[in-house]
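Take a look at this single chain in structure tokens; it is the form predicted on its own.
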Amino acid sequence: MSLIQEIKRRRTFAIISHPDAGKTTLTEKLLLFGGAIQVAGAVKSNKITKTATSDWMEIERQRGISVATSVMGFEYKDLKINILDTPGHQDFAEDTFRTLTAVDSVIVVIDVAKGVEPQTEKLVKVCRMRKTPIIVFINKLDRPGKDGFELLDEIEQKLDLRVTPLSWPINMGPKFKGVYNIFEQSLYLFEANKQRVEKGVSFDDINNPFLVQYIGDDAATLREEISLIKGVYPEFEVEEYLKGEVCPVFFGSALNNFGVKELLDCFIHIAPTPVGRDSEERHVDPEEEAFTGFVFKIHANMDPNHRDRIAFVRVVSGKFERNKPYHHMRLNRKIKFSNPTAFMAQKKSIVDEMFPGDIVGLYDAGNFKIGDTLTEGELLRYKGIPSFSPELFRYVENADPMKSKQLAKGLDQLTDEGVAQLFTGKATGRKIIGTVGALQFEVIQHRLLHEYAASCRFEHITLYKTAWITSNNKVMLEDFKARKSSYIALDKEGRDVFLADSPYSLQTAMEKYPDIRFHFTSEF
């Protein structure tokens, strides 16, 4: 198969939402319909013993939340589908923001009872900035919730999206009977079945009098609502969706398999094939012969038995080939990869080649950082991988002096993942961790114990912000570092960082030392 054909075969997307909207459950059902798994797992359930495929980390199983992006690839109707299931919790938003740089479209999941929630607004704002095509899936129709038209208004107002429904629910809660697929002009009735795929009854003509036999008195209401939709909302145009200007909406219940197949079948029909990316030097198209790609995520200990560290690379152009040397831009040297992997969450399989849109996992001995670019030799640097300035800080204390090496290695590898930053006080030598969310400390503590057999405790530290400091005026820089010695730390690269304990101290330092540049992200 040619490169162009392989590109046209691929669909790479992320699933995003506020926590508990049903994002991971929807991922499971997409995998189920795609034939990638036989029985769907549950995020929270006492009766279903299988946990969600994408929530494979121990802490995810215990807490019932996603704390890291999972990558899952499978074949469906001769297409290669790559799903990235992202964390919904705001404390892990950095992982989600970076993931959005590696996908070509997104599915936003909204809870029918809660409507549009704050985290959804933040994530959709990032998608709008990038003009990423969006499909909305309104979930949990088997439970009582807001009226369909009310939800569409809320999506338009809060998310600033133009919507057009491509499916419509027949009732909700205990009376929920199924969905009418406007896109295919057919009716699907489903029995609730949480674990296995149920085939629906298709019904082509909404004006057919036999409709009453299937949904009774709801037939008249459905006809009225479909007529209203056609009068109020714009007709769906694929070109407008691909430009990010219109957003199709589907209704269903992921847990009970309502509306998921309709979503998937429409998605593969309208979703974009892999698109190019901007580098600092030029725009790169996927059809280009030479391979290029960038690292958007690093994960330590996907297999705790082997202590492996894997860099997730989005293939942007050309063909990635096993055992072929590629140029690592930041290190300025060639690296060969003997066991590149494809993913089904935690499960990995070695691949010989990958194409634009694919996510390839590269075993990493510490060569990669988030944002690194790989090429066949061309000097390219991909841009737009967001970094973050920590907002919460804690001292790290070793709770078991016999495990100092394990703690040091664990902190080093976990902070390489980009969810937290590690600083060492220059005067005290004490380790400080900075994160954007309090839950990250809990995750780090749990993973250190379970993946590295290292126990730690956190101590409170009053800090406002970190700023990396550079200056051409060496005298002024040395004077600043001497006067502020108790507030100077080193990051993992050995660079000087000013630990400001208040907005006032930061403002004063910036005014008093005009020749010093204060950088609020580590990329400068």
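Everything numeric in this text was worked out from a predicted model, so none of it was measured. Quick note: we count residues from 1 along the sequence shown, nothing fancier.
Same protein, other form: the form predicted in complex with a small molecule, not shown, and the subject of what follows.
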Inset, instruction - Please check if residue 143 has a heavy atom lying within 4.5 Å of any heavy atom of the small molecule in the model of the complex. - result: yes
Inset, instruction - Please run the contact check for residue 255 against the small molecule in the model of the complex: heavy atoms, 4.5 angstroms, yes or no? - result: yes
Legend entry - Non-hydrogen atom contact residue 292 with the small molecule in the model of the complex at 4.5 angstroms: no
Inset, instruction - Report whether the minimum heavy atom distance between residue 12 and the small molecule in the model of the complex is within 4.5 Å. - result: no
Legend entry - Candidate stretches 23-31, 475-483, 494-502, 454-462, one within 4.5 Å of the small molecule in the model of the complex by heavy atom: 23-31
Inset, instruction - State the residue from 120, 373, 99, 139 whose non-hydrogen atoms include one within 4.5 Å of the small molecule in the model of the complex. - result: 139
